[in-house]
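As a starting point, one isolated chain is supplied in structure tokens, in the form predicted on its own.
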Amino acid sequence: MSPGKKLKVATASLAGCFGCHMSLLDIDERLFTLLERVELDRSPLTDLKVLSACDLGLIEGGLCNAENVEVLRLFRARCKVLVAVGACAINGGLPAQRNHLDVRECLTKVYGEGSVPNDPELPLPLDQVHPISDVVRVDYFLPGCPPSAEVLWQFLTDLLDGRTPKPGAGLIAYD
């Protein structure tokens, strides 16, 4: 990223808890400083639904259904740099705990035999939850559950200042 250039940033939450987006909001008043240097594109923070070409895509959450895969591929195609944010994006996280279960059997137990929803509006579940790197190339990984506001702040300011981002010692935590 070029120092001084306003970064166009998009974010997405796939199969996860939204904790990584909460950490982004936990940057608190520094968000005003950040917004002087970035333009937010598609994100739950902006409620924009269309993704344009972006410099940076931040993805939280793993892949549990076909819609997650579609969104992820779109982000990879339109974002110069893609970042896996948090344990769910990096290794499937807590949603991957269902990987030892049979999805069809689980849905049948929840909805009853013959009552499992089958509507084209519902995304098809995958048999397993996958980290995003199983489907697309990822440029950076920000571990944590969730990564702290400090990790996100350091990562973003490093990029904005033209430095190679490296989470500092003591910033990575798993709550």
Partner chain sequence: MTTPASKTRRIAIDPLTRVEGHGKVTLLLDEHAHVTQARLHVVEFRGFERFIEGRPYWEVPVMVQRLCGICPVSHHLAASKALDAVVGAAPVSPTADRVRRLMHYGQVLQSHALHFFHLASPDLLFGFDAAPERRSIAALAAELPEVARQGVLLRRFGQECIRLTAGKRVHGTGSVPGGVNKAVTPAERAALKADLPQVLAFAREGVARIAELYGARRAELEAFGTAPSGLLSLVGRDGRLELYDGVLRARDAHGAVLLDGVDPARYREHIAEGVKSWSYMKFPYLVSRGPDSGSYKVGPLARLQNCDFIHTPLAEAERAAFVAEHGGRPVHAPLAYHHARLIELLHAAEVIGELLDDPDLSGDDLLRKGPRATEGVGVIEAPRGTLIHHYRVSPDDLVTHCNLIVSTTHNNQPMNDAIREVARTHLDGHEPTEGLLNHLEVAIRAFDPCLSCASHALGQMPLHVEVRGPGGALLGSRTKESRG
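Computed from a predicted model, the values in this text were never measured in an experiment. Numbering follows the first chain given and starts at 1.
Quick note: we don't show the form predicted together with the partner chain, though the next part is all about it.
(Q) Taking the partner chain in the predicted complex, would 74, 90 and 161 all count as contacting it (heavy atom within 4.5 Å)? (A) Contact check failed for every one of 74, 90 and 161.
> Would residue 10 sit within 4.5 Å of the partner chain in the predicted complex, counting heavy atoms only?
Replying inline: Residue 10: no, not in contact with the partner chain in the predicted complex.
Legend entry - Touches the partner chain in the predicted complex: residue 64 (any heavy atom, 4.5 Å): Answer yes; at least one heavy atom of residue 64 falls within 4.5 Å of the partner chain in the predicted complex.
Subject >> Heavy atom of residue 125 within 4.5 Å of the partner chain in the predicted complex >> reply: Residue 125: contacts the partner chain in the predicted complex.
**Request:** Classify residue 98 as contacting or not contacting the partner chain in the predicted complex by the rule of any non-hydrogen atom within 4.5 angstroms, answering yes or no.
**Result:** Taking the distances in the predicted complex, the answer for residue 98 is yes, it comes within 4.5 Å of the partner chain.
Which residues within 31-60 place at least one heavy atom within 4.5 Å of the partner chain in the predicted complex? Stretch hits, in order: 31, 32, 35, 42, 43, 44, 45, 46, 47, 48, 49.
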